[in-house]
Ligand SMILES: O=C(O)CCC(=O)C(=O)O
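Presented as structure tokens, the chain that follows is alone, the form predicted on its own.
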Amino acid sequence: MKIYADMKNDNEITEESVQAFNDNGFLRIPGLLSPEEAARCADFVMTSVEDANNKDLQTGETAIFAQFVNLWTVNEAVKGLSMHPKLISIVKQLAGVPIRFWHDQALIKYPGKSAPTEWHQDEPFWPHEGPRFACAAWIALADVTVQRGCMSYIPGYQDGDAMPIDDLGNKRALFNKCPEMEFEAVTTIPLKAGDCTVHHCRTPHAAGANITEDPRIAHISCFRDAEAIYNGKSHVVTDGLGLKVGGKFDHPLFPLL
């Protein structure tokens, strides 16, 4: 099974890589950032996390992770990471349809304070209907080994139905709704700093606890079909924006790309 993207040039992947994403629902992009860029971006993100604490952008610190959304709105350097030209070019290839930015988020698993993120799909948590495409790009800003809580995926379910779950800490939540998933082969992908994985919003995925002595710093950029429809479901990014149910996500927070 092909999981690594091959680059056609600095900003384009090969057709075989696009097909691998379509087949499996995820793709690893080695070296999206250089190690030096990743280290600088880690500093940018941690600085913006401090700003976020003062701007109510922290959406929760649980036993699983600390989550901060829309950091691009408080730090221009983070905006450059969230909407990195190379990343946007690759995501456009994978989408094959016009896309818009959905949101970014930092997911930090602090040493001694994290737990596994259990199996789930993103789509049930997102307030949209009818997307032809939606994805999350998971960028490692430090080496993310198995011990530090790297991502695992179950391939081949991105074309099926999404299964809503209520608890990211419940090991059985997704498998109780779709028992056959439990018997599928799992692909676990440790990442070096600067590497990235892109996964479809219906691809089942999970991440382990961080049992190392250093924080796991991951920065996620999310993208969706420009024609997707807002369904009115409560979400920290859209609540209070006055979006029209049944309308598109026409708002400065969701720029067309």
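Quick note: we count residues from 1 along the sequence shown, nothing fancier. Keep in mind that this is a model prediction, so the values were computed, not measured.
Another form exists, predicted in complex with this ligand; not displayed. Remarks below refer to it.
- Message: Just to be sure I understand the contacts: of 191, 29, 207, 41, which is the one whose heavy atoms reach within 4.5 angstroms of this ligand in the predicted bound form?
- Response: So the residue touching this ligand in the predicted bound form, by this definition, is 207.
- Of these, 142, 87, 107, 173, which has a heavy atom no more than 4.5 Å from this ligand in the predicted bound form? Residue within 4.5 Å of the partner: 107.
- Task: Go through 69-77, 113-121, 159-167, 87-95 and give me the stretch that gets within 4.5 Å of this ligand in the predicted bound form, heavy atoms only.
- Result: After filtering at 4.5 Å, what remains is 113-121.
- Task: Answer for residue 138 alone: is it within 4.5 Å of this ligand in the predicted bound form, judged on heavy atom distances?
- Result: Yes, residue 138 lies within 4.5 Å of this ligand in the predicted bound form.
- Item | residue 224, heavy atom within 4.5 angstroms of this ligand in the predicted bound form | The answer is no: residue 224 has no heavy atom within 4.5 Å of this ligand.
- Would residue 220 count as touching this ligand in the predicted bound form under a 4.5 Å heavy atom rule? Because a heavy atom of residue 220 falls inside 4.5 Å of this ligand in the predicted bound form, the answer is yes.
- Message: I'd like to check something about residue 134: if you look in the predicted bound form, is any of its heavy atoms closer than or equal to 4.5 Å to a heavy atom of this ligand?
- Response: Judged by the heavy-atom cut-off of 4.5 Å, residue 134 is well away from this ligand in the predicted bound form.
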